[in-house]
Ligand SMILES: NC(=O)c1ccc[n+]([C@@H]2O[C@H](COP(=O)([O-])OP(=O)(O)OC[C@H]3O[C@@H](n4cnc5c(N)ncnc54)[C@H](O)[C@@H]3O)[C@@H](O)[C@H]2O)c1
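Single chain ahead, by itself, as structure tokens, in the form predicted on its own.
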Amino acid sequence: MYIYKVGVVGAGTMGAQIAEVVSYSGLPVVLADVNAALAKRGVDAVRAIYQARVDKGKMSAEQLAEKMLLVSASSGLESLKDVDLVIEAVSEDMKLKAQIFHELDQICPRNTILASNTSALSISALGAATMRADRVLGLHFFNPAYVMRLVEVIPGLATTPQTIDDAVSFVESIGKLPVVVKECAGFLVNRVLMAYVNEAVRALQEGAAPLQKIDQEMVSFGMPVGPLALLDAVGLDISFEVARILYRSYGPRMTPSPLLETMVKAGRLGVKSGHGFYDYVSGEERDQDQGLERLLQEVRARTGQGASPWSQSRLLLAMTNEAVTALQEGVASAGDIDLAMMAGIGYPKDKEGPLHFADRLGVDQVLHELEDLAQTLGPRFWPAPMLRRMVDAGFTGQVAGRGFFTY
């Protein structure tokens, strides 16, 4: 099925960005929210993205005007009765999303695909809120959507192959890179990323290294930004909620760092609050009880943890181990996992992704280092069973000619 017209529900940051991406590809898009003022603000945000391109000389004012003719605002969902695809982009609240899907099911034609931009919630549960679970799936865009190429395509339990094919074709038609991911908490990129950033917070909490050192070393590895600066940019409250969702599904290895929860409760949410791991408001007087160093001391006293060793490996292998776990669960293929991590979080292209990284380091070495980390830092580093199976079979990576990939 070809998509001729798209609806986006939720005119906030991601909704506006998705609407811009769709209109840039030449498709008309209706941006809907609960009232006209919010919908108009979303359209204004779309215009601002285009205006930034004009200011940089990447498009003309005439082209901006042409693209904006494709974008319309709507208060409520009634105007979505003639669209071929709806992408829901409201806040991460399952009850709210389910209600929207129920209403869309009543309004949209039976053939319309209903998609959610959720980063972690159940697609199957959203499908169950409708009478068309076969036409419901996830389309998870990454922020900023007009820059990031990756879109995770997540089928629910009832989603048909035809719906998946239609969604993949649509994602390709708007110039994005689709990766089909098996439904699970956090899908692919966020669950692997959370293992990495949560370990960075733990390293800081345990006094393994100062925050600047942690970030600088990961940038030196090739990451576009350090893990703690990344958390500040995303928002510590959002990251903590994702961490809680992952913990509910995967258990102790995904336990959120106590420091992360403490910072959220203290109002240090990152860039948006002016203070997170870093301070973004210069010269502002602030209650010392809210300062990062004071919070660190409180958490260290409460947890009773002494200083732990620092190395890049504890972050990189936390990510690699979760990627292997996702692979053995059939969440995605090895190639798609590495592709998604490069396109979704900026994993350095010369390293080719966490599974290629493991092959170059040696799968046997990865297993050995994870066993050591599990002994010194705890069972969250317990090696994925697939690693031992591969080592026993001689699939030890690039040197052996076979590992996660063939050489």
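Residue indices: 1-based, along the sequence shown. As the structure is a prediction and not an experimental result, all values here were calculated from the model.
The same protein also exists as the form predicted together with this ligand; that form is not shown, yet it is the one meant from here on.
For the options Asp105, Asp336, Asp84, Glu92, the one in contact with this ligand in the predicted bound form, meaning a heavy atom within 4.5 Å, is Glu92. Proximity to this ligand in the predicted bound form, taken as a non-hydrogen atom within 4.5 angstroms, holds for one residue of Asn117, Thr159, Thr325, Ser122, which is Asn117. Site residues Val9, Gly12 and Gly15 are all in contact with this ligand in the predicted bound form, judged by any heavy atom within 4.5 Å. Residues placing heavy atoms within 4.5 Å of this ligand in the predicted bound form fall in a single listed stretch, namely 93-101, out of 218-226, 202-210, 93-101, 306-314.
Using a 4.5 angstroms limit between non-hydrogen atoms, Leu38 touches this ligand in the predicted bound form.
With a 4.5 Å cutoff on heavy atoms, Asn111 does not count as touching this ligand in the predicted bound form; it lies far away.
The closest heavy atom approach of Ser173 to this ligand in the predicted bound form falls outside 4.5 Å.
The closest heavy atom approach of Ala48 to this ligand in the predicted bound form falls outside 4.5 Å. Taking a 4.5 Å heavy atom cutoff to this ligand in the predicted bound form, the contacting residues in 119-149 are Ser119, His140, Phe141, Asn143.
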